[in-house]
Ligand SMILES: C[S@@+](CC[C@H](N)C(=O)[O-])C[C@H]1O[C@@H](n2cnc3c(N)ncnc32)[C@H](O)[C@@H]1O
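Below you'll find only one chain, the form predicted alone, shown as structure tokens.
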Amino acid sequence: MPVAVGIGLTNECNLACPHCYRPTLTQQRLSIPEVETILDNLDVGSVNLGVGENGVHPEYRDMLALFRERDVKTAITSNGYSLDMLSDEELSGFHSVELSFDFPTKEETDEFRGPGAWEAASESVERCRRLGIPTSIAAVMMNTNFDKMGETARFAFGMGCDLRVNVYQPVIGEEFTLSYEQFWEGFANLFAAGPVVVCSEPLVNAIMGLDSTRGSPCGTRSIRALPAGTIAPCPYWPAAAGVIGHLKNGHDIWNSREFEKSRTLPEACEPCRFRESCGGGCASRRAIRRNLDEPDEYCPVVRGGDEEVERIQKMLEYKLSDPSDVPKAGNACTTVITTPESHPSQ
């Protein structure tokens, strides 16, 4: 079965955003032979470039040429830097592009990401749309912007883009971690803004009653190749499952210890009616907390049983969009919403 592969060519970046999870103590870069090993030894359905700002890698354009030669469906998440250096022909080789904005205004974005961040990302959005490349806005939901999800969505729609949202993971600290109430209020604000294209955040998917996931996609339908040359079920996962070279030595990475751990269902979740679709929630979030054997910290069943589940479900009023091809949804716990104007009949 084809799998979604997340690849970080480098941990380097032209910005230093405070919520970023990339390691910064040493320079890390994948080589072309390592990327070829991934393509030669995995049934790659799609590739998403993330982690650092991939255009900083000196062989970035050669890597993109390799993906085109192999006819690999390729997407990228960028602050604009990795797109600005490409010709229109090279840029049009992407199946889809995401530009990072965590706030709906220039002032907030530049204060958080650095001066000029808003302009660089905005110009890339306009260029991608001019070239006809499917383009989205990507945001991280944090305790500093959960109440601005509706505004951020309207900003994205105004740019002619969908909005994709990931929940902040405390890889480097708790400064931006959502509280329980903020987590659910953030999703309520998000769903009120527009129809849901996809929601692979397993706990939210389950409580919404979509049942379109079977736990986290990480470690089952996706795999991550990180700039250090390691393999992991998720970019947030706290330990490596092996190195890229293992793939060509017949090593069964899918049944390695770390991948098996990523598929762990906590014992407390066994009797839960949401166990099949939720799978214990986000495994990486639990692993980061060193609570892999405990339910997701945002679980309403644990908080208050059926009464709390009903309260949360009432908060999550939503409409569903038409199905869409979103490569990122296959390799991360993520949520995408689209403009209501696209679905006037719903």
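On a predicted model such as this, the values are computed, not experimentally measured, just so you know. In case it trips you up, residue 1 is the first one in the sequence shown, and so on.
There is another form of this protein, the form predicted together with this ligand, and it is not shown here; the text below is about that form.
With the partner left out here, this ligand still marks one of 119 to 127, 246 to 254, 269 to 277, 73 to 81 in the model of the complex; by a 4.5 Å heavy atom cut-off that stretch is 73 to 81. Contact here is defined as any heavy atom lying within 4.5 Å of this ligand in the model of the complex, and by that definition each of 102, 113 and 169 is a contact residue.
Though the partner is left out of this view, residue 225 does not reach within 4.5 Å of this ligand in the model of the complex, counting heavy atoms only. Taking the partner from elsewhere, residue 296 is found to have every heavy atom lying beyond 4.5 Å of this ligand in the model of the complex.
Using a 4.5 Å cutoff between non-hydrogen atoms, residue 50 counts as a contact of this ligand in the model of the complex. The closest heavy atom approach of residue 336 to this ligand in the model of the complex falls outside 4.5 Å. Only one of 259, 183, 157, 236 comes within 4.5 Å of this ligand in the model of the complex through a heavy atom, and that residue is 236. With the partner omitted here, the residue from 193, 161, 140, 178 that has a non-hydrogen atom within 4.5 angstroms of this ligand in the model of the complex is 140. Counting a residue when any of its non-hydrogen atoms is within 4.5 Å of this ligand in the model of the complex, the hits in 1 to 34 run 13, 19, 20, 21.
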